[in-house]
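Here we start with a single chain on its own, the form predicted alone, put down as structure tokens.
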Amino acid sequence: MRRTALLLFVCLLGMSVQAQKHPPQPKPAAPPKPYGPVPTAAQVAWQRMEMNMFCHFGPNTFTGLEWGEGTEAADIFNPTALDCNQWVSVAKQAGFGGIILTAKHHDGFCLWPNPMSTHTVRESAWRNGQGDVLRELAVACMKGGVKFGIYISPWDRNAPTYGTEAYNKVFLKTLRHAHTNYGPIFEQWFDGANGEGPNGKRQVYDWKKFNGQTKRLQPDAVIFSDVGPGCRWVGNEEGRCGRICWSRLDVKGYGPGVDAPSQDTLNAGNYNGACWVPAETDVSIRPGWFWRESEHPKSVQELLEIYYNSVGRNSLLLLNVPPDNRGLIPAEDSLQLMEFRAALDSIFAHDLAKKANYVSVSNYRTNDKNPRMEFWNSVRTCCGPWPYHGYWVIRDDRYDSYWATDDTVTTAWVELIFNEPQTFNRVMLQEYIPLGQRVEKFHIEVEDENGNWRTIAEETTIGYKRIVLTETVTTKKVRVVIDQSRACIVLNRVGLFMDNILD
């Protein structure tokens, strides 16, 4: 009897110890509802790519022109050592997720044997008229694990039907051929360039049909133009997004080219925009868009500034890296890209926020609080999974985890506390954009050695990613204060980094 009672006591004690070691988790609060227009899954995946490579390549590579006349002989296109695998290798090592090729620029020359044109690689001497740059790049991208995109200009300075209704049908068939013969396309790049054709006429583009057919044939492709619908031009070619940058845009009554919103609007978006049309910042690594022997690539410092002013301001960076007349990315461009990648890795490889010993917030969604999660990092291993939107997850790399406030709370702060002082000059913030863009205004504070809080930065929108450049500070406490948000706050990342390159 005593032995049975003793065994029962030991079992109950073990159960009690186990219960204390793994306490029941509180039921997570309901996630916030989406606010305003929200991105599609394809738009989220596109924005998370952050940087892609543009390749301007064609007859202009051999003539030195930016805009070809359309009268250049097809034989002028004759790269001697074209290697799209090299392009993909450079792009991948530089950290680009995709490559967009100028499959047809304004001169009308097609880098694939487009059956709707007589001005293509088929008519050139390159590879005895059997070459297909589009095919070679599509295969190289698939093999190298880089996404494939195309730019097909609607302006055609060679097509005899340009300026007539017949041309829209020709262009639709041109798009269809490119969209059905080269595999998945992650981005279709359109611009609104609209000059005269060889007959001296301008074209009235049927954008509704162009976009509609593209979405039917390539449903996951993000369509670029001044007004999207997938993503928008940032309004300049300087590599600079607006200090205020909403991913929302009003497109009703607007169109690509001369019908586009003002450049200021494209740069900043619309506060109450009805559609989700995020900004894409396109800029060339060289002074021109096409390769010229006399020009040289930007410095690493210039590229870092572009990165901060594009990716760091809620935009995707599309960096043009033009192949030369051999059909290769020049060595000096490749070297700058590798050094640029090394600089980014040096800056962002080590997130100092992960060293925080304590995370505190002014508000959290009801039932999200689990006191065990606020203490030491080691507690994570013994307490099981973290709730989906608890505030302690702002330091991890999981995209779909976030800190969210109660629905009625639009002003709040999150504080990182360290045992040892941390030195940084870059603060990264991210909103969870599948639920919309919310933050209008925020500031960042640090505690000095006397225990006083001091503001080191005041900024505006966040969106997918905001990187704030601050003075170099050393502190044990950092506080991010959301001063104004259009709905409850949803942040999925707060990071601290040190940039010794562009300090």
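Computed from a predicted model, the values in this text were never measured in an experiment. Quick note: we count residues from 1 along the sequence shown, nothing fancier.
The form predicted in complex with beta-L-fucopyranose (FUL) is left out here; the points below concern that form.
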**Complete:** Interface check vs beta-L-fucopyranose (FUL) in the predicted complex: of 407, 237, 302, 396, the one with a heavy atom inside 4.5 Å is 237
**Message:** Within 4.5 Å, heavy atoms only, which of 189, 403, 96, 87 is in contact with beta-L-fucopyranose (FUL) in the predicted complex?
**Reply:** 189
**Asked** Just to confirm, residue 282 within 4.5 Å of beta-L-fucopyranose (FUL) in the predicted complex by heavy atoms?
**Response** yes
**Asked** Applying a 4.5 Å heavy atom distance criterion, does residue 464 contact beta-L-fucopyranose (FUL) in the predicted complex?
**Response** no
**Request:** Report yes if any heavy atom of residue 67 sits within 4.5 Å of a heavy atom of beta-L-fucopyranose (FUL) in the predicted complex; otherwise report no.
**Result:** yes
**Asked** Any chance residue 122 has a heavy atom within 4.5 Å of beta-L-fucopyranose (FUL) in the predicted complex?
**Response** no
**Complete:** Among 174-182, 125-133, 159-167, 105-113, the stretch whose residues bring a heavy atom within 4.5 Å of beta-L-fucopyranose (FUL) in the predicted complex is 105-113
**Asked** Looking in the predicted complex, is beta-L-fucopyranose (FUL) within 4.5 angstroms of a heavy atom from every one of 54, 151 and 193?
**Response** yes
